[in-house]
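Before any questions on binding or motion, here is one chain by itself as C-alpha cells, the form predicted on its own.
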C-alpha cells in the first residue's frame, strides 16, 4: 500500500499527512511569498512565482500566504512578519529584496529563505539566479530573423546591470544572425516605478517604431503591457519576458523569453517538504531548462520555421559549451 495516504491528523496544531512511503510522514509546509510591486497579476515575473506557489498548494498541500509589497521600503517588514510566524520557507521575489533578505535572514538564522534574482551569500538562503543572457541571445536570433527593416528594439525597466545583461545577450544573438543589424534600446527609469509604467513604455516603443524598429523585446515587468499596446497599434512584433506572454496578444507577440520561476518556487517548496533544502547559489540556464523561448499555438502562425530551426541549433551549441554568450556581469568587471 505504498504511496497511499492513510490518515490525516492534527499534531500539535499542525496538519500532518501520514504517508506509507518508506515510513516518512510529511507535515504541510508553510510558505510565505513576498512579491514586489508588480504583484501576482503582472503577467510576468511575479505571476510566474505565484503559479509555482499555487501548484505547490494544489499538489503538495502546502499552506501558502502571499503578500504584495506596496513599495521597496516594506520588504523587510513583510519578510520579518513571516519569519516571526515561523513559516517553513519564505520566498522573496526580485533583486530589490536582496538587502531586506540579508537583514532578515541574519536575524532569523534558523529560517529558510529563497531569494530570486540575487545572491544573498548566506547559508540559510537559496539564491536562485537565472542565465538571462542565454535566453536573450535566442530572443535576439528570433528578432533578427523576423525583422524586415533590419532595425530591432529593446525596452528595459530600470537602468541596472540585470537589464543590461538581457540587452547584451539580445544584441549578441541578433548580430550573430546579421552583424549589420541595428539595435535600439531604452530604459524606463531608475527606480522601482519603472516596472509599473506602461504609459512610458508605450511612448518609448512608439519612438523606436518611428525609427523603423519592427521587432521589440521588453524586459520591463508590468510596463510591458505598454510595449504590447504600441506594437499591436503599429502592427510590428513584440517579444515578451519572464512568463509565456504569447497569449496576451496573439499575432503580435513573436515569442517570450521565459524564466521558469514557477519551477524554481515549486522545487524549493518540495525540497523543504522532503527535508532536502540547501542554501547557497543555484543557477538556472538553458541546460537546466531555467530559461527558454516559448513556442505554442499562439505564436505558431507567425513564427518562421527556419528561424526556429536556427534557434534550436544555437541553443544546442550553448548547452554543449560550444558557444559562450557574452555576459554583462562578466564584461562590466573587465572595464
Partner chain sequence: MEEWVFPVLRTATPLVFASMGGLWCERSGVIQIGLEGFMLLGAFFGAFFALALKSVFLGFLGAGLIGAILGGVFGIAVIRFRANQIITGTAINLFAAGLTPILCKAVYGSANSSARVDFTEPLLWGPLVAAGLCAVVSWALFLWTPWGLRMRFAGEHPEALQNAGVSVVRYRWMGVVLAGVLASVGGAMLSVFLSSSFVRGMSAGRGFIALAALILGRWNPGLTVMGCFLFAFTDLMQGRLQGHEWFGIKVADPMVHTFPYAVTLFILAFVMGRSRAPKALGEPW
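C-alpha atoms forming the largest set that superposes within 1.5 Å between two forms make up the rigid core. Positions refer to the first chain, counted from 1. Worth saying up front: this structure is predicted, and the values here are computed from it rather than measured.
The protein also exists as the form predicted together with its partner chain; that form is not presented, and the subsequent description refers to it.
**Q** If the criterion is a non-hydrogen atom within 4.5 angstroms, does every one of 197, 202 and 229 touch its partner chain in the predicted bound form?
**A** Judged in the predicted bound form, 197, 202 and 229 all sit within 4.5 Å of its partner chain.
**Q** Out of the stretches listed (103-111, 88-96, 206-214, 117-125), which one is close to its partner chain in the predicted bound form, meaning heavy atoms within 4.5 Å?
**A** Flagged stretch: 206-214.
**Q** Could you confirm whether residue 151 comes within 4.5 Å of its partner chain in the predicted bound form, counting heavy atoms only?
**A** No - in the predicted bound form, heavy atoms of residue 151 and its partner chain never come within 4.5 Å of each other.
**Q** Using a 4.5 Å heavy atom cut-off, state whether residue 162 contacts its partner chain in the predicted bound form.
**A** No.
**Q** Any chance residue 181 has a heavy atom within 4.5 Å of its partner chain in the predicted bound form?
**A** No, no contact at 4.5 Å.
**Q** Would residue 37 show up as a contact with its partner chain in the predicted bound form if we use heavy atoms at 4.5 Å?
**A** Answer yes; at least one heavy atom of residue 37 falls within 4.5 Å of its partner chain in the predicted bound form.
**Q** Select from the listed residues 146, 80, 249, 263 the one whose heavy atoms reach within 4.5 Å of its partner chain in the predicted bound form.
**A** Partner contact (heavy atom, 4.5 Å) among the options: 249.
**Q** Just to be sure I understand the contacts: of 254, 188, 138, 258, which is the one whose heavy atoms reach within 4.5 angstroms of its partner chain in the predicted bound form?
**A** It is 188.
**Q** Given a core-based superposition, decide whether the C-alpha of residue 71 shifts by 2 Å or more between this form and the one not shown.
**A** Yes: residue 71 shifts by at least 2 Å between this form and the one not shown.
**Q** Is there a C-alpha shift of 2 Å or more at residue 37 between this form and the one not shown once the rigid core is superposed?
**A** Indeed, residue 37 is displaced by 2 Å or more.
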